[in-house]
Every structure is written in C-alpha cells, then in structure tokens.
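Single chain ahead, written as structure tokens, the form predicted alone.
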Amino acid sequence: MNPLLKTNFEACTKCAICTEYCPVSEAWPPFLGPKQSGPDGERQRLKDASFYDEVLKYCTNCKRCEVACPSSVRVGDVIALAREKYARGSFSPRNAILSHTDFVGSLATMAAPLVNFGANLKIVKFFLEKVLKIPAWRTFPSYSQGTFRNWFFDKGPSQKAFARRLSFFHGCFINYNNPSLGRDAVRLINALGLGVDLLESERCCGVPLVSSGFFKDAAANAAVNDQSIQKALLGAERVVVASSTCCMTLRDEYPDVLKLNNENWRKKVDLLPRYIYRLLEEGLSLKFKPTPMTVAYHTACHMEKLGWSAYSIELLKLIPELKIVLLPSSCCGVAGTYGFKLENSQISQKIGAPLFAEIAKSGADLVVTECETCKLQIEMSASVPCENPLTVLARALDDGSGGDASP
C-alpha cells in the first residue's frame, strides 16, 4: 500500500482554506501553498516524478494546514512524504549538524562553556554563515554543562518510593540545553505524589531529521523510542512529554511519516500539562503561592495541531495573582531548524513579525509556550524571556521546597 494513501489526500476538495492559513504562503509568495504543493502536486507526481518541485523544502511542517482542513487531509504529511520520495538534494553538512541533535548535544555538553563562548564570537558566526549557510545574526541555544539524564542518575533512586509512576520522555532540548525544565517537570510530578522514571534508552523524536531529509535516521530513532516506550509502560501508567513537538511526533508522525505502528501505546503518551490537569480532576492537588506577574501564552504550531493548549492555560489560572494574556495563535517562524538555514532566515522572521508585535503589545513579563524552538525565536526577536508553562507552575509551587529541584 502506498503510504501516501494514509494521508487521505484524495479527500481534498480544493477549497484552499489550507493556503489561507499557511504562514509561508503569506510571507513568501513563490511557495504556492499547501493545496498546490500537497494534494494537487501529489496527483501530478504520481503520474510523473518530474513534477516534483524543490520549492516544497520551504514548507515549515507547522501543521496549520492540517488544523484548517475541513476534510482532515494530512497536507503536511503529503508534502513531507513527497520530499522523502522525490527530493534530489545532496548531503549537507549544515543540515546534518542542525538535525543530529543527540550527536551534537552529547559532544557540546562535554565542553559547554567553551562551545557557548565560541558560538558568540564574530569570527565563528562569520564562518557559520559563509561556509555552513547559518545566518550570523541568529542567537544559538546554549548548552548545559552536564545533561538532564546525568542529573537524574543521582535523583532517580528517590523516585522508587512512589507507588504510582510516570515515565518521562524529556527530549533532546531538555537533556542538552535546558535541564532545569526537566527538573521542574520532576518537581511537579513529585508534588502530585507520583514518581518519575526515564526511558531506558531515548533518542531525539526525529522531527529535525525529517525536516532536513534524514528519514532513515529518524526511523532508526523512532524504532529505539518505540521499544523503550513499550518497556516503560510495563511499570508506568503514562509516558509524559514536556514538548508539544515531541508529543505530536511520537503520537502522530511515527505512523504517518515514519511508518511505525504505535497503536499499542499512542494513547498512553501524553503532554505533561494535560496529564497533570487530569490528575487534578481525579482528586489530586497542587498548592500555589501568589505570583504577581503578567504572562503571555503563545500557542505553538504543533500545540495547535494537538489541540491541547486549554490544559496549560487552565493550570496557569490556578496560580494566584498571575495575569494571563492569550496571544492570537500564529507561527513564530523558526519551525525547529527552518529558521537556522540562511535561505529561510528572512522568511522565518517575516512569518514571526505579527507574533512579535503582539508580544510587545501585551506588556507581558514573560511568554509561555510548550515549544523549545519558539522559546529561542521569541527571546531573540521579541526580547522577552520565554518559558514552558511547567516552569511557571514549578516556580509558583507552594510545597516548602523553595523551588530547589537540584539533587
């Protein structure tokens, strides 16, 4: 069976609503939009592969076309699978560096101070732009000196005391760049009276690999995660995820893009704010201290696809004196590694400009979102700090720990 049939592209009625919602079409007219690049183009490509157009590489895989589609066509997946099947690009060292996050992260964390210092040197930025085609003006994520998994190695034994357990898929950004978010997640779960396990073996969810054309590497990562998730669920009631992109990928992209059957565990993988909300409905409780500040909530694209932003918003409403501004749902433009590629960089900024303006208008002290690359884009382009809702919740916890989640 042709895997493209799973995307239901023949159900497209040519209404073009997807194009109206496409952030790339609006910012860069040469990209004709999801309808023509996806279902319309696929009908032609199935007749003659020469109809494939390299312009498809400008799709950000934001999934807003799929959210908008009244016929439930998986338009973004049509485009992704077409790129896998027909793209004729050669190997790119830049794309390999940007997408192989576990390899790069494991090396960078071993020399984090030096890597972080070097990444901000003008000569290094000049080299990155001229040789690797990574824009010199971009802010790069800093690396942690030590990974989240290393921190948890010391913390793990204390988790065995909890009768109920969750398995935490932390993702590469928490592991190599932002371990404090992982510690916040552990603290929240423990405050609910549940323990935390990590997957026995975890790889990057695969999204950056797919976006840069490394489909075989993404499938290999998916196979490792599949086995680890199945094993974890023998002892944990759920696998929970902090990142909206990782969660969407594990649940939806594995079967539809990477051809991995996850039916036996898909519904047991949950975004952590959603599962915390359900635990509170079950009768568990969290106590929060007054937090007088204004936060602006940004619905990341893949969070829009999941449809679960309400859970994070409702949890934030539990914090006394916290004012929440709901930003209009729009793409920040970075789309993972997309905005780090020189040929996409100006498109990326143009896509995000309306969001940056809304953030400035909100007067917020902090932006909150479940997407790690949105955080990078917002902090660089809107000059406002940005955190995952889990961090805001953990900082506001009134549990007597003073917010210290260190071992």
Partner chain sequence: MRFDVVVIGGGLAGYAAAIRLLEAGKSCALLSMGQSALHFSSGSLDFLNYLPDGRPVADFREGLAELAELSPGHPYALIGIEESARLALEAEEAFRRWETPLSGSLAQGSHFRLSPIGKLLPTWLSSRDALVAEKGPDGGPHWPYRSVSLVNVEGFVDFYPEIIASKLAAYGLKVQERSFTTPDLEIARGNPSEFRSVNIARVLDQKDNFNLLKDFLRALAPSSDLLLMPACVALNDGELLPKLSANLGKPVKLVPTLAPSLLGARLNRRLARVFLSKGGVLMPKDEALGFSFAEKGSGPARISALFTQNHEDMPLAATHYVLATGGFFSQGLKAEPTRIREAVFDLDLAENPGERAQWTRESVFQRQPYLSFGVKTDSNLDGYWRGAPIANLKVAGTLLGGFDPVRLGCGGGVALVSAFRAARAILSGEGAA
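Residue numbers count along the first chain shown, from 1. The model shown is predicted, which means the values in this text are computed figures rather than measured ones.
Although not depicted, the form predicted together with its partner chain is the subject of the following passage.
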property	result
Option from 65 to 73, 377 to 385, 362 to 370, 42 to 50 whose residues, in the predicted complex, bring a heavy atom within 4.5 Å of its partner chain	65 to 73
Contact at E10, K216 and W265 by its partner chain in the predicted complex, all three, heavy atom at most 4.5 Å	no
4.5 angstroms heavy atom contact with its partner chain in the predicted complex for D398	no
Distance check, E281 to its partner chain in the predicted complex, heavy atom within 4.5 Å	yes
Interface membership of E314, its partner chain in the predicted complex, 4.5 Å heavy atom rule	yes
Exercise: I347 in contact with its partner chain in the predicted complex, heavy atom 4.5 Å	no
Interface residue in the predicted complex among P292, P157, G235, G307, criterion: non-hydrogen atom within 4.5 angstroms of its partner chain	G307
